[in-house]
Ligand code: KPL
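Listed next as structure tokens is one chain, alone, in the form predicted alone.
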Amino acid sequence: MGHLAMTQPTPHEDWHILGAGALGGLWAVRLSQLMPVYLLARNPTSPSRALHLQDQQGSQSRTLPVEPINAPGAPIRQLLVATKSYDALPALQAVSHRLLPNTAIYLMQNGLGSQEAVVRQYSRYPIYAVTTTEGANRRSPDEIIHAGRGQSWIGPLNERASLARANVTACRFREAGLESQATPDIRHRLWLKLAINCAINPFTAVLNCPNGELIHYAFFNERLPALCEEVAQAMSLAGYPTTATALQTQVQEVISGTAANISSMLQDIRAGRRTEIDAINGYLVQFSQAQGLQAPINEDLVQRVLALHP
């Protein structure tokens, strides 16, 4: 088989990335092989940043230009927002003066809620969501470990965004070595990821263990069926019918497939950072209550994780 030819970037096909953490850094390094990539930082100490990416094939380093988040600069044409969920809107507000009428905004946040907040305030721009199962973590601020290959989905969040452009972006991501596909119903994918995160992340934070060790704790095993019931009820009301049994099977498959992973929520707790619990189990609780339902297992987990915050 011959090598697949990479599509040449069209004029102005550059990317700006807000939030070069583990996933943002992974995308930055991969995309920079094909096209110009600029990192946006709140208080950069240098005009460039060397990112080192390690995966099963070896390692590579890319030195990328860094721009202050609130400085005047060239227009932003494609923006990947890879911040924490609670930082997405304020970070976007800080660069809004550089957005063009057709700037495409791609949101890559855990949980739900932050995306709709952005859509409400920035409805005049095409807005997309990206959800991924790529596994990445940081060994140091500039050293990223690509721990596991995954799949990403991209889809429009508002009427200004199009499935056609999502397809072009998915193609670009694939060329950069990130398996991706476009979907017309990205919200369904976001709900599916929310369900898995609700059932794994807070338990790992409370129990201080990798994903695979959860199955050895009664605290997890006794609560999982009821939690999946709460999530299934919410998903069905959101228009994505499922069952607690189906969710429980998916959770167990993810735990098995990511046994050695340290969830992002546990990483945040260990690093003394705020978690995204409000956008994950917290969102599930708020959504359920708005529909007249209670979600006591999720609500209890929210309180337990908040008690671990610095």
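The numbering used is simple: start at 1 and walk along the sequence shown. Since the structure is predicted, the reported quantities are computational estimates derived from the model, not experimental observations.
One more form of this protein, predicted together with the ligand, exists but is not displayed; see below.
Establish, in the predicted complex, whether N110, I196 and N201 all lie within 4.5 Å of the ligand, using non-hydrogen atoms for the distance. Yes.
Answer with yes or no whether N137 is in contact with the ligand in the predicted complex, where contact means some heavy atom within 4.5 Å. Answer no; every heavy atom of N137 is more than 4.5 Å from the ligand in the predicted complex.
T242: heavy atom within 4.5 Å of the ligand in the predicted complex? Outside the cut-off, so no.
Within 4.5 Å, heavy atoms only: does Q248 come near the ligand in the predicted complex? Result no; Q248 lies far from the ligand in the predicted complex.
Could you confirm whether N261 comes within 4.5 Å of the ligand in the predicted complex, counting heavy atoms only? Contact check for N261: yes, within 4.5 Å of the ligand in the predicted complex.
Could you tell me which one of Q78, T83, S180, N211 places a heavy atom within 4.5 Å of the ligand in the predicted complex? In short, N211.
Stretch from 188-196, 220-228, 98-106, 166-174 whose residues place a heavy atom within 4.5 Å of the ligand in the predicted complex: After filtering at 4.5 Å, what remains is 188-196.
Scan 75-98 and note down the residues that get a heavy atom within 4.5 Å of the ligand in the predicted complex; none is a fine answer too. Stretch hits: zero.
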